[in-house]
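Here you get one chain, nothing else, as structure tokens; it is the form predicted alone.
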Amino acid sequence: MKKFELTAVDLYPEIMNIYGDRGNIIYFKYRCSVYGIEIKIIDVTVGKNYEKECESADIFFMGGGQDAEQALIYEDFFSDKKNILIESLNKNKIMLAICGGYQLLCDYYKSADGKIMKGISVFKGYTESGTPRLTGNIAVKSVGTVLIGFENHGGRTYLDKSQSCIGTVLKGYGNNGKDKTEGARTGNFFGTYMHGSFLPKNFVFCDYLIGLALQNKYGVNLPEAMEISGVKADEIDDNFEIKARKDVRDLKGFF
């Protein structure tokens, strides 16, 4: 029986981790275990050369942070991680970046005092600080499902017309509170403003990421991997995840 193995890198987990973002990689690991997939998690932070660790990654995670946290990691991220991430994007590897992490993957972020923080331009668009903060539960129509989460951001992200978003806002604010777009996608890299943690509330999307990682590394989709590993679909219990979604009361009726 074939064993499938994935490696996940968590970028700056001790710094970029607000509103439960660390839960994304924890849930990803759990969800992989449901399917018999072994997973190695590597925490990558500031102050050391992690090139080999990052090169081994099948999927990257990066959480959110406020202006102070973004500034703390900025030099390391832009000088040391930029090329690694762009190479990984070109190799069809996967990334999920939340809020402040998402903003750093765009062209630039303009703070309230007018300072420009250049991004790595994985996503074509920019972010400007604004008021009031865009806060509350959010529902987004995307990739065959409705994604839900919690948003709390002062930044407004405006995507270029050529840039794909993750989905269309059904309730909440999304990228900027105006154009109904939420998040961004380039290749297998995804950025979103949804905290909460995001993946436990969106197990279908988590499975989608697992499938992308398997396809890229092994050339098989998730159902094929389950069959090879002897995991039966009717043995997967999603009741807890479904209940968690239903318990977000102000989003009832949107999924």
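Sequential numbering from 1, following the sequence displayed. Given the structure is predicted, the values throughout are model-derived calculations rather than measurements.
One more form of this protein exists, namely the form predicted in complex with a small molecule; it is left out here, but the text below deals with it.
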| query | finding |
| --- | --- |
| Which of 163-171, 78-86, 180-188, 148-156 sits within 4.5 Å of the small molecule in the predicted complex, heavy atom basis | 148-156 |
| Heavy atom of Gln66 within 4.5 Å of the small molecule in the predicted complex | yes |
| In the predicted complex, Tyr109 touching the small molecule (heavy atom, 4.5 Å) | yes |
| Touches the small molecule in the predicted complex: Cys99 (any heavy atom, 4.5 Å) | yes |
| Heavy atom of Gln70 within 4.5 Å of the small molecule in the predicted complex | yes |
| Contact residue in the predicted complex, chosen from Lys91, Lys115, Arg133, Lys124 - any heavy atom within 4.5 Å of the small molecule | Arg133 |
| Site test, Tyr19, Gln103 and His195 vs the small molecule in the predicted complex, non-hydrogen atom cutoff 4.5 Å | yes |
